[in-house]
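Shown below, as C-alpha coordinates, is a lone chain in the form predicted alone; questions about how it binds or moves come after it.
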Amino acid sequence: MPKTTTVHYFIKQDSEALSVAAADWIASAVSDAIAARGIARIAISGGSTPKRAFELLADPNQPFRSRIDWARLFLFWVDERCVPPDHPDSNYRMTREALLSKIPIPEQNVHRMEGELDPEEAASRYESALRTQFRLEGAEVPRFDLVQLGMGDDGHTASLFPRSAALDSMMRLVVANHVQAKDSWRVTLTWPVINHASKVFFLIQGAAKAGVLRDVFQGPYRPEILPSQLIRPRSGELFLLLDKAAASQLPNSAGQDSGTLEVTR
(Lines give C-alpha, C1' and ligand atoms only; values in the text may rest on other atoms or scores of the structure.)
Protein backbone atom coordinates (compact mmCIF):
# COMPACT_ATOMS: atom_id res chain seq x y z
CA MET A 1 0.00 0.00 0.00
CA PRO A 2 1.39 3.46 -0.88
CA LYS A 3 2.61 5.53 2.02
CA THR A 4 1.91 9.23 2.40
CA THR A 5 4.58 11.51 3.84
CA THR A 6 3.70 15.03 4.94
CA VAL A 7 6.54 17.30 3.85
CA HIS A 8 6.69 20.57 5.76
CA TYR A 9 8.93 23.23 4.23
CA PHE A 10 10.13 26.49 5.70
CA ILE A 11 11.66 29.18 3.51
CA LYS A 12 14.24 31.70 4.69
CA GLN A 13 15.29 34.82 2.84
CA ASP A 14 19.01 34.06 2.59
CA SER A 15 21.78 31.72 3.73
CA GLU A 16 22.35 33.46 7.07
CA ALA A 17 18.68 33.31 8.03
CA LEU A 18 18.69 29.66 6.96
CA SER A 19 21.69 28.91 9.18
CA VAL A 20 20.04 30.61 12.15
CA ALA A 21 16.92 28.49 11.61
CA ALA A 22 18.99 25.31 11.38
CA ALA A 23 20.85 26.13 14.59
CA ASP A 24 17.52 26.73 16.31
CA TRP A 25 16.14 23.40 15.05
CA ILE A 26 19.16 21.48 16.28
CA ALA A 27 19.21 23.22 19.67
CA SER A 28 15.47 22.61 20.12
CA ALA A 29 15.68 18.92 19.18
CA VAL A 30 18.60 18.36 21.53
CA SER A 31 17.05 20.18 24.49
CA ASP A 32 13.68 18.45 23.96
CA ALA A 33 15.29 15.00 23.86
CA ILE A 34 17.33 15.71 26.99
CA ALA A 35 14.21 16.92 28.80
CA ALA A 36 12.33 13.77 27.80
CA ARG A 37 15.00 11.08 28.23
CA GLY A 38 18.08 12.61 29.81
CA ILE A 39 20.24 12.37 26.67
CA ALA A 40 20.08 13.34 22.99
CA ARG A 41 21.50 11.41 20.05
CA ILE A 42 21.72 13.20 16.71
CA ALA A 43 23.35 12.44 13.36
CA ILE A 44 24.69 15.29 11.24
CA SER A 45 25.89 15.75 7.68
CA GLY A 46 28.99 17.48 6.41
CA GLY A 47 29.52 19.72 3.43
CA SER A 48 29.43 23.49 3.26
CA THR A 49 25.73 24.12 3.96
CA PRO A 50 25.58 23.19 7.69
CA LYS A 51 28.94 24.76 8.58
CA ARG A 52 27.53 28.17 9.45
CA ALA A 53 24.79 26.60 11.59
CA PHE A 54 27.45 24.72 13.54
CA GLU A 55 29.38 27.95 14.06
CA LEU A 56 26.25 29.61 15.42
CA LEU A 57 25.66 26.72 17.82
CA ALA A 58 29.16 27.19 19.22
CA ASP A 59 29.09 31.00 19.41
CA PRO A 60 28.81 32.23 23.03
CA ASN A 61 27.23 35.44 21.73
CA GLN A 62 24.33 33.52 20.20
CA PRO A 63 21.41 32.07 22.21
CA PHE A 64 21.79 28.48 21.00
CA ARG A 65 24.90 27.41 22.86
CA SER A 66 23.40 27.95 26.32
CA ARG A 67 20.26 25.97 25.42
CA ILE A 68 22.19 22.72 25.08
CA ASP A 69 23.54 20.58 27.92
CA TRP A 70 26.58 19.45 25.92
CA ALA A 71 27.51 16.71 28.37
CA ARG A 72 24.24 14.94 27.52
CA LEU A 73 24.59 15.21 23.74
CA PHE A 74 25.88 12.20 21.77
CA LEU A 75 26.97 13.14 18.27
CA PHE A 76 27.09 10.85 15.23
CA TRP A 77 27.62 11.33 11.51
CA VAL A 78 25.31 10.47 8.62
CA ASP A 79 28.23 9.81 6.29
CA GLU A 80 31.92 10.35 5.76
CA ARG A 81 34.40 10.48 2.94
CA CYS A 82 37.14 7.86 3.12
CA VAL A 83 39.91 10.27 4.07
CA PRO A 84 41.84 10.89 7.31
CA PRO A 85 40.16 13.08 9.96
CA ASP A 86 42.51 16.00 9.25
CA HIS A 87 41.90 15.93 5.49
CA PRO A 88 40.22 19.04 3.99
CA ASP A 89 37.39 16.85 2.63
CA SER A 90 36.63 15.22 5.98
CA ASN A 91 33.15 15.86 7.34
CA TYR A 92 34.54 15.31 10.82
CA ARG A 93 37.24 17.94 10.32
CA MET A 94 34.69 20.56 9.25
CA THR A 95 32.55 19.82 12.30
CA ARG A 96 35.53 19.84 14.64
CA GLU A 97 36.70 23.23 13.39
CA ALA A 98 33.24 24.85 13.29
CA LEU A 99 31.76 23.31 16.44
CA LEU A 100 33.51 20.63 18.46
CA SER A 101 36.67 22.59 19.25
CA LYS A 102 34.55 25.38 20.75
CA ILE A 103 32.03 23.55 22.95
CA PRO A 104 32.32 21.54 26.20
CA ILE A 105 31.22 18.21 24.74
CA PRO A 106 32.96 15.16 26.26
CA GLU A 107 35.27 13.42 23.83
CA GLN A 108 33.60 10.08 24.47
CA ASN A 109 30.27 11.52 23.29
CA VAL A 110 31.63 12.15 19.78
CA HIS A 111 31.38 9.13 17.49
CA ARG A 112 33.09 9.80 14.18
CA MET A 113 33.28 7.50 11.19
CA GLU A 114 36.89 6.37 10.74
CA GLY A 115 37.40 7.40 7.14
CA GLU A 116 41.09 6.60 7.24
CA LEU A 117 40.37 2.86 7.50
CA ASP A 118 39.50 0.41 4.75
CA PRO A 119 35.92 1.38 3.78
CA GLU A 120 34.38 -1.98 4.69
CA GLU A 121 36.18 -2.01 8.03
CA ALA A 122 35.12 1.56 8.77
CA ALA A 123 31.48 0.69 8.03
CA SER A 124 31.62 -2.45 10.17
CA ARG A 125 33.20 -0.60 13.08
CA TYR A 126 30.60 2.17 12.93
CA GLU A 127 27.77 -0.32 12.84
CA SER A 128 29.25 -1.98 15.92
CA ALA A 129 29.51 1.41 17.63
CA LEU A 130 25.84 2.11 16.91
CA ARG A 131 24.80 -1.29 18.26
CA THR A 132 26.77 -0.62 21.44
CA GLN A 133 25.65 2.96 21.98
CA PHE A 134 21.97 2.22 21.33
CA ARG A 135 22.10 -1.21 23.00
CA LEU A 136 20.62 -2.87 19.96
CA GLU A 137 19.75 -6.52 19.72
CA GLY A 138 19.22 -8.62 16.60
CA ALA A 139 17.56 -6.67 13.81
CA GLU A 140 16.83 -3.57 15.92
CA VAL A 141 17.53 -0.19 14.33
CA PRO A 142 18.86 2.87 16.18
CA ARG A 143 16.39 5.69 16.73
CA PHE A 144 18.13 9.04 16.51
CA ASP A 145 16.39 12.04 18.01
CA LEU A 146 17.33 14.07 14.94
CA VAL A 147 18.98 13.42 11.58
CA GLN A 148 20.17 16.43 9.57
CA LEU A 149 20.57 15.82 5.85
CA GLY A 150 21.73 17.70 2.80
CA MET A 151 20.83 17.13 -0.83
CA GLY A 152 23.17 17.18 -3.81
CA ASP A 153 22.24 18.63 -7.18
CA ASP A 154 22.20 15.02 -8.45
CA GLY A 155 19.53 14.10 -5.89
CA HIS A 156 21.82 12.22 -3.51
CA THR A 157 21.62 12.48 0.26
CA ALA A 158 24.01 11.17 2.91
CA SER A 159 26.35 9.12 0.67
CA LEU A 160 23.44 7.44 -1.07
CA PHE A 161 24.34 8.28 -4.66
CA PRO A 162 22.39 7.54 -7.85
CA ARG A 163 22.70 3.92 -9.01
CA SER A 164 25.11 3.04 -6.21
CA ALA A 165 25.07 -0.25 -4.32
CA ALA A 166 24.07 1.33 -1.00
CA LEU A 167 20.57 2.03 -2.33
CA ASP A 168 19.81 -1.69 -2.14
CA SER A 169 21.03 -2.15 1.43
CA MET A 170 18.13 -2.69 3.81
CA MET A 171 19.59 -5.06 6.41
CA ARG A 172 22.75 -3.17 7.36
CA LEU A 173 22.94 -0.05 9.49
CA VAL A 174 26.10 1.31 7.88
CA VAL A 175 27.70 0.45 4.54
CA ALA A 176 30.74 1.30 2.46
CA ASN A 177 29.63 2.78 -0.86
CA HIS A 178 31.73 3.33 -3.96
CA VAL A 179 30.69 6.48 -5.80
CA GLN A 180 31.58 5.92 -9.42
CA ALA A 181 30.94 9.51 -10.50
CA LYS A 182 33.52 10.72 -8.00
CA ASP A 183 35.76 7.63 -8.15
CA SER A 184 35.84 7.52 -4.36
CA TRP A 185 34.59 5.53 -1.40
CA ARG A 186 32.20 6.77 1.26
CA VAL A 187 30.78 5.34 4.47
CA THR A 188 27.09 6.03 5.07
CA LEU A 189 24.09 5.25 7.21
CA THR A 190 21.53 3.29 5.23
CA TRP A 191 18.19 4.81 4.36
CA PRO A 192 16.16 2.55 6.72
CA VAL A 193 18.24 3.90 9.63
CA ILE A 194 17.61 7.50 8.56
CA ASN A 195 13.89 6.85 8.19
CA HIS A 196 13.71 5.40 11.71
CA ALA A 197 14.75 8.69 13.35
CA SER A 198 12.28 10.65 15.47
CA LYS A 199 12.76 13.72 13.27
CA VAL A 200 14.50 14.16 9.91
CA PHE A 201 15.18 17.44 8.17
CA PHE A 202 16.92 18.50 4.97
CA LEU A 203 18.98 21.69 5.00
CA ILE A 204 19.20 22.97 1.41
CA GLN A 205 20.31 26.24 -0.14
CA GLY A 206 21.04 27.71 -3.54
CA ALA A 207 19.33 28.03 -6.90
CA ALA A 208 21.26 25.01 -8.21
CA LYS A 209 19.13 22.79 -5.95
CA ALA A 210 15.73 24.18 -7.00
CA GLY A 211 15.11 21.80 -9.90
CA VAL A 212 16.20 18.63 -8.16
CA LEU A 213 14.23 19.59 -5.05
CA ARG A 214 11.11 19.89 -7.20
CA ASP A 215 11.82 16.56 -8.90
CA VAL A 216 12.45 14.73 -5.62
CA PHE A 217 9.14 15.73 -4.07
CA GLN A 218 6.89 16.29 -7.08
CA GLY A 219 8.33 14.17 -9.85
CA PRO A 220 7.92 10.44 -10.58
CA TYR A 221 9.31 8.00 -8.05
CA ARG A 222 12.78 7.05 -9.32
CA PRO A 223 14.91 6.47 -6.21
CA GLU A 224 17.68 4.80 -8.18
CA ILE A 225 18.16 8.17 -9.93
CA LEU A 226 17.02 10.46 -7.10
CA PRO A 227 18.05 8.70 -3.87
CA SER A 228 16.61 11.48 -1.69
CA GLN A 229 13.20 10.01 -2.57
CA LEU A 230 14.06 7.09 -0.28
CA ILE A 231 13.79 9.39 2.73
CA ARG A 232 10.26 8.75 3.99
CA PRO A 233 10.44 8.82 7.81
CA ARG A 234 8.48 6.25 9.77
CA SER A 235 6.87 9.15 11.63
CA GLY A 236 5.12 10.19 8.41
CA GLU A 237 6.61 13.69 8.56
CA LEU A 238 9.64 15.18 6.84
CA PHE A 239 10.94 18.72 7.24
CA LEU A 240 12.77 20.97 4.78
CA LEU A 241 14.68 24.11 5.73
CA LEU A 242 15.29 26.05 2.53
CA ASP A 243 16.54 29.39 1.38
CA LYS A 244 14.44 31.36 -1.09
CA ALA A 245 16.54 30.32 -4.08
CA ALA A 246 16.29 26.58 -3.38
CA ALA A 247 12.53 26.83 -2.80
CA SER A 248 11.81 28.80 -5.98
CA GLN A 249 10.23 25.88 -7.88
CA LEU A 250 8.04 24.53 -5.09
CA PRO A 251 4.29 25.24 -5.29
CA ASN A 252 2.98 28.43 -3.74
CA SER A 253 6.46 29.41 -2.62
CA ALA A 254 6.23 32.96 -3.97
CA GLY A 255 5.62 35.25 -1.04
CA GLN A 256 5.14 32.38 1.40
CA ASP A 257 7.52 31.46 4.21
CA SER A 258 6.22 27.90 4.64
CA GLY A 259 4.17 25.23 2.94
CA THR A 260 3.15 21.58 3.01
CA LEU A 261 3.27 18.81 0.43
CA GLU A 262 1.53 15.45 0.69
CA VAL A 263 3.75 12.91 -1.07
CA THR A 264 2.28 9.45 -1.66
CA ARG A 265 4.50 6.64 -2.94
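Counting begins at 1, following the sequence as shown. Just so we're clear, the structure is a prediction, and the values are computed from it rather than from any experiment.
Here the subject shifts to the form predicted together with a small molecule, a form of this protein not shown in this document.
Visitor: Taking the shortest heavy atom distance, is residue 48 within 4.5 Å of the small molecule in the predicted bound form?
Guide: Contact with the small molecule, yes.
Visitor: Using heavy atoms and a 4.5 Å limit, would one call residue 157 a contact residue for the small molecule in the predicted bound form?
Guide: Yes.
Visitor: With heavy atoms only and a cut-off of 4.5 Å, decide whether residue 41 touches the small molecule in the predicted bound form.
Guide: It does not: once the small molecule is placed as it appears in the predicted bound form, residue 41 has no heavy atom within 4.5 Å of it.
Visitor: According to a 4.5 angstroms non-hydrogen atom cut-off, is residue 190 in contact with the small molecule in the predicted bound form?
Guide: Although the small molecule is absent here, residue 190 would stay clear of it in the predicted bound form, with no heavy atoms inside 4.5 Å.
Visitor: Exactly one of 113, 151, 175, 147 has a non-hydrogen atom within 4.5 Å of the small molecule in the predicted bound form; which residue is it?
Guide: The residue in contact is 151.
Visitor: Heavy atoms within 4.5 Å of the small molecule in the predicted bound form: which stretch among 157-165, 135-143, 191-199, 121-129?
Guide: In the other structure, the partner sits against 157-165.
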